[in-house]
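Shown below, as structure tokens, is a lone chain in the form predicted on its own; questions about how it binds or moves come after it.
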């Protein structure tokens, strides 16, 4: 039945009867806790993705690989990152696959894409909180494409590390009309540091924005952050 389902997948579109693909769904569910069965299903999905398929079929496979994929699936998914029609779903899968190779594929794609595709890849990097991407993202903070620069800012905020906060604070020196967006990302870093009990680092960021030179909304956020830091029993710095 699984062979029949993969045959049906070759011409699948989202208007088709999903019943034909039920064996694939069942195999994915049944493979939990069964490494050999999961690997076999992943191999079949990868092989299908490399074949001639409709865009909808490729999207379907990406959805399944988001659940069962490993490092083995990364090359096939990475090949779709530069494809406007498939980039979104390949990124979705790469965001979910825990293997470091998936994060590496997203980083490697950065110089290969532009415009909306680049914004999407940057967003996925942020979603993975990939600290290894901080240097590359830092280099995009002043990109000529404002949407790329904004995406890099948000991604560094999502990563939320001391290093990403430092990169954002450096960018503030020449931020211009992007100042509030960058400050918001820095404060998001402080929130992440506070949540991970890195109180001294979080407090340092909040103190930097708790002065009269900052807009009132920024000072209020910084004050709330300092109060939250003060309420924590443990102080730890990295």
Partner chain sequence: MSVIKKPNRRDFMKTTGAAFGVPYVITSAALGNSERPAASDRIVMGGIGIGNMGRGDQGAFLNRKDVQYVALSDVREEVRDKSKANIDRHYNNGDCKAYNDFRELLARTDIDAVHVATPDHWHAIMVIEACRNGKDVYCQKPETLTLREGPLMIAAARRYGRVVSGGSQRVLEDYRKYVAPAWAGEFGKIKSINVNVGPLPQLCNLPGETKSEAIDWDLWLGPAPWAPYNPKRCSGSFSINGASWRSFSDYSGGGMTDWGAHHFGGATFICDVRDQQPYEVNYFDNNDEKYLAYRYQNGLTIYHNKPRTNQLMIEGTPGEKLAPKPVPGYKGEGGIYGDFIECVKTREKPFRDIESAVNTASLAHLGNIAYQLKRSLKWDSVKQEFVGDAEANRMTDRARREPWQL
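Small disclaimer: the values here were computed from a predicted structure and weren't measured. Residue numbers count along the first chain shown, from 1.
As for the form predicted in complex with its partner chain, it is not shown, yet the points below apply to it.
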Given that its partner chain is not shown alongside this chain, does residue 170 nevertheless sit within 4.5 Å of it in the predicted bound form, heavy atom to heavy atom? no
Residue-level question: is residue 105 within 4.5 Å of its partner chain in the predicted bound form, judged on heavy atoms? no
Is residue 65 close enough to touch its partner chain in the predicted bound form, meaning at least one heavy atom pair within 4.5 Å? yes
Should residue 44 be counted as a contact of its partner chain in the predicted bound form, where contact means heavy atoms within 4.5 Å? no
Are all three of 18, 88 and 220 close to its partner chain in the predicted bound form, meaning a heavy atom of each within 4.5 Å? yes
Looking at its partner chain in the predicted bound form, which residues in 1-31 have at least one heavy atom within 4.5 Å of it? 12, 13, 14, 15, 16, 18, 26, 28, 29
